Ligand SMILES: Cc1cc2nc3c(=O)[nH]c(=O)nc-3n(C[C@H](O)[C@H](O)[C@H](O)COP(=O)(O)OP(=O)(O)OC[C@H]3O[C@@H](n4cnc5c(N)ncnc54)[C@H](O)[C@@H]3O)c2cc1C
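The chain below stands alone, shown as structure tokens; this is the form predicted alone.
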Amino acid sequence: MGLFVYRVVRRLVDRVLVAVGRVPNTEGLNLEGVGVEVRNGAVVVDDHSRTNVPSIYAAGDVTGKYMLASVAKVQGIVAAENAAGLNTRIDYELIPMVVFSDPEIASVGIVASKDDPRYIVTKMPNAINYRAIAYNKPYGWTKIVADRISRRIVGFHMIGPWASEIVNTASIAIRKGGLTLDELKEWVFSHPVFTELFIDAVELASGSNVYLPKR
């Protein structure tokens, strides 16, 4: 299958770039020599960016954690502050993931299917958003996952315009226990904006959306 796809693409373009992943660049650093734990080529760190050697910290792709610039930035800040005597940490439990394609794809939190009895799972078409219509981008969908018992939002997944931006709003709502659907539907957003896709999806999940029936 891979060879077939390659041959088809070769008929359309002159060159093909294949990105098959990344590996930590730790070879030759003699980390084992100073007692730093290395697992599968990656430096093992805790949520304080500290290795098993208390005076040695690591940040970025060498840790093998997510390998995202956003994560590396916070790891670096945390490492520097802790090396200076502070006590800060990075929260690995909620990391937004984004694919900067067209349309954009973004995801954070729990992934669940609609038939999972533990969750309320609602998918809303982005075509109802006035900003998306104005920008001629009325495609994709926004998905909300909420705990069925507590009604707290625990997941957000989206394909569509500005998904990379909207996922951060969802991350704030999910973080630290999560806000409930009823709490979130009280939020007032500016209008018309792409970010309304998040709050409209929440309203649909709670049964109060003005654009679509509950689904």
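In this text the structure is predicted, and so the values were computed from the model without any measurement. Just count from 1 along the sequence shown to find any residue number.
Note that the form predicted in complex with this ligand isn't included here; everything after this is about it.
Participant: May I ask you to choose, among V36, I159, L179, M67, the residue with a heavy atom within 4.5 Å of this ligand in the model of the complex?
Facilitator: Only one option qualifies, and that one is M67.
Participant: Would you kindly say which of A72, I105, I110, V121 lies with a heavy atom within 4.5 Å of this ligand in the model of the complex?
Facilitator: Filtering the options by heavy-atom distance leaves A72.
Participant: What I'd like checked is whether R22, A59 and F100 together line this ligand in the model of the complex, meaning each has a non-hydrogen atom within 4.5 Å of it.
Facilitator: So, yes: the whole triplet contacts this ligand.
Participant: Within 4.5 Å of this ligand in the model of the complex, counting heavy atoms only, one of 38-46, 184-192, 144-152, 24-32 shows up; tell me which.
Facilitator: Answer to the contact question: 24-32.
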